[in-house]
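There is one chain below, alone, in structure tokens, taken in the form predicted alone.
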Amino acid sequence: MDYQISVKDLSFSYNLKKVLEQVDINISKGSFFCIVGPNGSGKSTLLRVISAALKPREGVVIFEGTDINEMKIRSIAKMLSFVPQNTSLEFDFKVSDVVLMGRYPYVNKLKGETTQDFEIAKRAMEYTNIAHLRSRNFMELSGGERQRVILAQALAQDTDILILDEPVSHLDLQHQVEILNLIKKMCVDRKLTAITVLHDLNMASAYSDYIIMMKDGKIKEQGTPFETLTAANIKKIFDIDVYVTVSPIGNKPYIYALTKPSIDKKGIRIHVICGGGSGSNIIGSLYSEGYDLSSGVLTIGDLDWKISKENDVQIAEEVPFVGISEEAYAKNKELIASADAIVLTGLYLGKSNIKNLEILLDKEMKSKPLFILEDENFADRDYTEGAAAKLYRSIKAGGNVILTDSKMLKEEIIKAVRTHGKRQE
């Protein structure tokens, strides 16, 4: 396969400090490549070497069969454009002039810019939606506006490769998405190759076709987002425990950090009967307040199951589509027995999970406070032809039931546990 850029056996040092070591990368045309890694791992240096701003100590950067360090600067500038971290200018210029600077590789010093140069700069401003800013001074613009101007400048440079060093690190979320959407659009519309450094792994996952993971000046992993952004790789590169799932939007890996602040535990255990996302907010809220939690019976892969996993919650679980087995029911009963109180959320009920209601009528459960997060839509959640409604009425008639809502739940739990006492450890 012919690659647009090949980096072979690349090493680089600042004085005696080795920054890059034996780097090998192959970059194909029209793709969004992203480099990730901890601070000091050599990401920005690698970009500068690829763009010929720095010369490697060993190895080569080959652009379409030619060593880039043997090419003239003007020739390189016709092939790739570089967007640095810092978009400030030493002198202030109008936006239209900043964009027109992208035409410098093509401008004859004696004749100056041509009509074609002005037309290309105009189209670049229209494409990046900054035409209305053309008469404004660059330094008075917001961060997101400046970044779009610099992208327009790079677009006016009319290259096949765009290299960006942390293009969204100083922007708010809205402008991060706006800029990355624009870069991705350039890759698709113009078959442009983007090589960028990003810190946010979820942003890297969402936008990248190919990810390079660096640490200590070396490439540790490279491949598609699914190949690289695994919990094991992220632990190895960033020394942090994460949970990786699949984003429902875009079908890309989505990363949750599992490292949590130290929370003083209350010594109170709550069992949450939930499902389908009905317990997610409750589980997160109670966990953050220092409660010990358990949940069940939950189907493996269910949203509440995922949230329980992320918050170190003990779970009575079951595989999908089989109903609640005797083993899962017994596990659920065991977890409830060791809890100080029970919370029943507004879950949807069918024949497969109706045992989650039946268990609450067990005589052993009568001694525990049962908090029901009541709503007026039980009939809409009942898919059992009334069997669940009958159980629900019997449960509500019990003397241990406290009807409440999510806002009052924590206060009600404290009151009830003080009255009934905590479990014996």
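This is a predicted model, so every value here is computed, not measured. Position 1 is the first residue in the sequence shown; the rest follow in order.
One more form of this protein should be noted, the form predicted in complex with a small molecule, which is absent from this view; the next part is about it.
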Output flag, 14, 39 and 48 jointly within 4.5 Å of the small molecule in the model of the complex, heavy atom basis: yes
Can you tell me if residue 402 lies within 4.5 angstroms of the small molecule in the model of the complex, counting non-hydrogen atoms only? no
Does the small molecule get within 4.5 angstroms of any non-hydrogen atom of residue 19 in the model of the complex? yes
Residue contact check: residue 44 to the small molecule in the model of the complex, 4.5 Å heavy atom: yes
Sort through 31-39, 384-392, 363-371, 56-64 and report the only stretch with a non-hydrogen atom within 4.5 Å of the small molecule in the model of the complex. 31-39
